[in-house]
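Take a look at this single chain, the form predicted on its own, given in structure tokens.
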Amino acid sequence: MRALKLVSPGTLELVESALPEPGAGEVRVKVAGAGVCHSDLHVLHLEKSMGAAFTLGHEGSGWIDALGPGVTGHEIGDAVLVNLVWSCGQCRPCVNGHDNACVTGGRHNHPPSPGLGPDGAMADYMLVPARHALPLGEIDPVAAGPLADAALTPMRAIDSVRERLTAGSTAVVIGVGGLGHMALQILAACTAARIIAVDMSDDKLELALRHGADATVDSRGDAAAEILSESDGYGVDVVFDFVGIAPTVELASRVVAPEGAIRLVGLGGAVLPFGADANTKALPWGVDVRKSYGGTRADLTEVIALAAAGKLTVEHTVYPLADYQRAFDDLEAGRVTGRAILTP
């Protein structure tokens, strides 16, 4: 079978590999589609090796092709979504419903994830722990892969502030990319908040209006002033930053209200000024700031339910697996609306 592997820092190769056989508790999935994420670009551009070559692709979906010993509850031919977070299911965080903080990841890392160590979905086939192959039902698996991250990650961020997103509240979504356009749909479907989308692309601002935004703000102008004018200068209840570069993080801090919340989701590398002092110019009193990894099984189950109900769709462009370089180049150049998906 073919597999797209990171063989060294900055180098991808589509190689021939042996067809893997599922072990105890595993299923083999015939891949239908694999989303290409900015995290894949981040991994590709790391200067240090992550160890032995591995197959990329943490947004995978397809059909179960083979069952390992002891697997129950799955049938060959079932359409499944591969969970992003391969938690153990037994540690205290997992038992308490925080499986995205499973102890297998340790304090400074994240739990195992396909395509970020274990072989992922940018291949003809992949092995998956059976408990992390979630049924898709009638959802088309070709376009479903990005639900595992592009939808799961904003769902976790939104679930962490759901009680704030009541009637009369305002939420700001910065960055209408792969995750941002999913966040807009989730906010529209699951909350009563007024939604303001921020981007610097006319196409993406138009996309935002199609996917639930009540208003849009062009970040090429004075975005902070425009957003504050929407709240009489007081600030907004929640800001979701799906970019994470210095201008977007600064924007989040400038428009959040006292006792508001900021969720830093994008991995742009910026730092949010935060001090144990009385300086409320940097950040108002009482602001709740969090960054989180992926989401929980409960979050992903909710994502699948929204997609099944037609309330969550992935804007995407399909590329053949063999054309992986064009997909990566298009994503890096900002030419992809929503998600790029590689299909074997």
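Fair warning: this is a prediction, and the values are worked out from it, not measured in the lab. Residue positions are given as counts along the sequence shown, with the first one as 1.
Below, we refer to the form predicted together with a small molecule, which is not included among the displayed structures.
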query	finding
Partner proximity in the model of the complex: residue 204 to the small molecule, non-hydrogen atom cutoff 4.5 Å	yes
Non-hydrogen atom contact residue 290 with the small molecule in the model of the complex at 4.5 angstroms	no
Contact test in the model of the complex: residue 30 vs the small molecule, heavy atoms, 4.5 Å	no
Partner proximity in the model of the complex: residue 42 to the small molecule, non-hydrogen atom cutoff 4.5 Å	yes
Contact segment among 121 to 129, 178 to 186, 230 to 238, 69 to 77, judged by heavy atoms lying within 4.5 Å of the small molecule in the model of the complex	178 to 186
Listed residue (191, 169, 219, 160) with a non-hydrogen atom within 4.5 angstroms of the small molecule in the model of the complex	219
Listed residue that, although the small molecule is not shown, lies within 4.5 Å of it in the model of the complex (heavy atoms), from 95, 103, 267, 209	267
